[in-house]
Ligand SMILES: O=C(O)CCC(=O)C(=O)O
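Just the one chain here, the form predicted alone, laid out as structure tokens.
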């Protein structure tokens, strides 16, 4: 698919699949590295999710595990962050000074709960800090799903509603939508290992059940323009305190990157993370 066709599909359907961003012979190394990190931090992730649920917030479902700040635990995927097709798409929408808003690792374990229809931050209305609906028809952030285990109906490929990114709201805010129910226009994404699913963060999507026998591993990275305020995701910032902590709202936090890790990143990757560097670590 040509770069222009990629942008056309992204604009029309709200998502596009970029094949082979991680070379097929490198996928096992990246997957095993990510899986090891998820296993090592399983208990901490569960405790964090339970703390969010204790405040009355929706936080995933049984069998779904997430680890924010995966770049702090493994850098196996770093060489592929500046894939030319991905960079072209992001630059075309956001210009040269785009940046990563967060990096998370995800495991959908066999038999996991189906999720709820939502759009990613800053459109997820369950997050304390979000853009209120109705939305202007403009893309202000891109999301990516990095496929480390094949996405299929068996493994629980993500469910999406093509074209829903052009809607002025999404089911996470209620507004008469049953965010838990199947949608007549939903489709399930199938994608090969090593692919990246690039989508407008407004796109309605939902976690699917993994009907297989092994975990389905993926990573979720966000790409934002320089002008999008990411401070509500930064623990300790005035915006995070005012918008998340004080109202006891649902957080969407991005761990800071230690200086030692940032210093080892390739020069062409550093601009994507320099705003997340921890000056004290």
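Positions refer to the first chain, counted from 1. Please read all numbers here as calculations on a predicted model, not as lab measurements.
Beyond what is shown, the protein has a form predicted in complex with this ligand; the following relates to that form.
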query: Candidate spot 106, 118 and 205, all three touching this ligand in the predicted complex (heavy atom, 4.5 Å); finding: yes
query: This ligand in the predicted complex: contacting segment from 213 to 221, 252 to 260, 229 to 237, 32 to 40, heavy atom within 4.5 Å; finding: 213 to 221
query: is_contact(residue 158, this ligand) in the predicted complex, heavy atom dist at most 4.5 Å; finding: yes
query: In the predicted complex, residue 100 touching this ligand (heavy atom, 4.5 Å); finding: no
query: This ligand contact at residue 148 in the predicted complex, heavy atom, 4.5 Å; finding: no
